[in-house]
Ligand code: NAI
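The form predicted alone is given below as one chain in C-alpha cells.
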Amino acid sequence: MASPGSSAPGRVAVVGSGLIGRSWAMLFASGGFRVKLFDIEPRQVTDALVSLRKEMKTLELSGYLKGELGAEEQLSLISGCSDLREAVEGALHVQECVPENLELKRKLFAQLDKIADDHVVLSSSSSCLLPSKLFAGLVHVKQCLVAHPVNPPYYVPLVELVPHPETAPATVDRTYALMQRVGQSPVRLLREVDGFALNRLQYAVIAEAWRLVEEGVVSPGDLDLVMSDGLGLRYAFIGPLETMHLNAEGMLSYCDRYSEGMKRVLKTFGPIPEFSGVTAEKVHQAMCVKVPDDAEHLAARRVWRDGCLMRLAQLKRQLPQ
C-alpha cells in the first residue's frame, strides 16, 4: 500500500457500482489512482465498466475528460471486483456507494472493519446519515468519515467531509488532500449535523420555494427562474456570505443596513411543507411541461444538465479567484 505521504498514486476501492460509484471511479482514475470497483452482483460490475467506457470516451471526444491521462489510460486503471476482501486489499482509501439505507451501510462497514488495516480510510458517500450512527462501535472508527459528493459528482466538485466524533484529524487531512488531488473541492464540517451543510441549505431553499408556490405567490416555472436566472447566477461563483459582504460596504455594513428587514421577512416563513397533495400535483404538471417524466426525456435532460455543469466548471477554472 502506498504510504499516506507518498507522491505516487496508490489504490482506491469503490464499493457499489451505481451512478455515484461509477462517478467516483472516474474521478479517482482521472487522478492516476488504480481503482477496484466492487459490487456484490458481478453483472452490475460488468455493466458499470461498459457504461464507464462509453461515458469516458464521450467525454474525451467532447474535451471534457478530467485529468492528464487519456480515456484508455484511465480505463486501464479501473477493474471490476466481486470479492470485498480483494477489493480492499492494499487500498489507501475505500469509498462506499451503496444505497442510502442505514442498516445496509452499517452492515457493510462492519464487514470493512474486519478486513481493514490500520492505515486505510473508510469513507461513506452518504448524503445525510450521521457518522455517529454509521460508524458506531467500529474498531477502526478513527479512520472513518463521510465524504458526501454532490450528484453528479464528476460534474459538481464539492465534497463534504463529515467526521465521526472520534475520527482522527489525520483521516480528515488525508481525505481532504485526496479529494483535491482528483480535482474536487472538499469542505470540512467541524462537527456532524443532520443533513450536513449542503442539504440543510438545499432543503431551506426547497421549503420556501414550495411555500411560495403553495400560497399562490408565484408559478412553479417562474419560481425556478428566480433561482436559475437570479440567485443561481451569483451563487455559481460566490456564496451567500460573500454576497452579503459585496452588496454593501462589507459584512458589518450589510448587517447594519439589512438585518431588520431580513428578520421581518424571516418571521413570515410558514411551517414545514408536506410536499404532497394538490401542490405536489401542480408542481409535477408544471415540471412535466418542460421535461416529461418518462425515462427518455429525463435522461436527455440530465445529459444537457451535465454538459452545462461541465462547461461552467471549465469557465470557473479559467477565472481568477
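Keep in mind that what you see is a predicted model, and the values were worked out from it rather than measured. In case it trips you up, residue 1 is the first one in the sequence shown, and so on.
Beyond what is shown, the protein has a form predicted in complex with this ligand; the following relates to that form.
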Determine the site state, open or blocked: transfer this ligand from its pose in the predicted complex by superposing the nearby C-alphas, then count ligand atoms within 2.4 Å of any backbone or C-beta atom, with 3 or more meaning blocked. open
Since the chain is shown here on its own, which stretch among 213 to 221, 94 to 102, 114 to 122, 172 to 180 would lie within 4.5 Å of this ligand in the predicted complex, judged by heavy atoms? 94 to 102
Would S126 count as touching this ligand in the predicted complex under a 4.5 Å heavy atom rule? yes
Any of the heavy atoms of A13 lying within 4.5 Å of this ligand in the predicted complex? no
Going by a heavy atom distance of 4.5 Å, is E41 a contact of this ligand in the predicted complex? yes
4.5 Å heavy atom contact, L19 and this ligand in the predicted complex: yes
Just one of S228, N151, S79, T243 has a heavy atom within 4.5 angstroms of this ligand in the predicted complex, so which one? N151
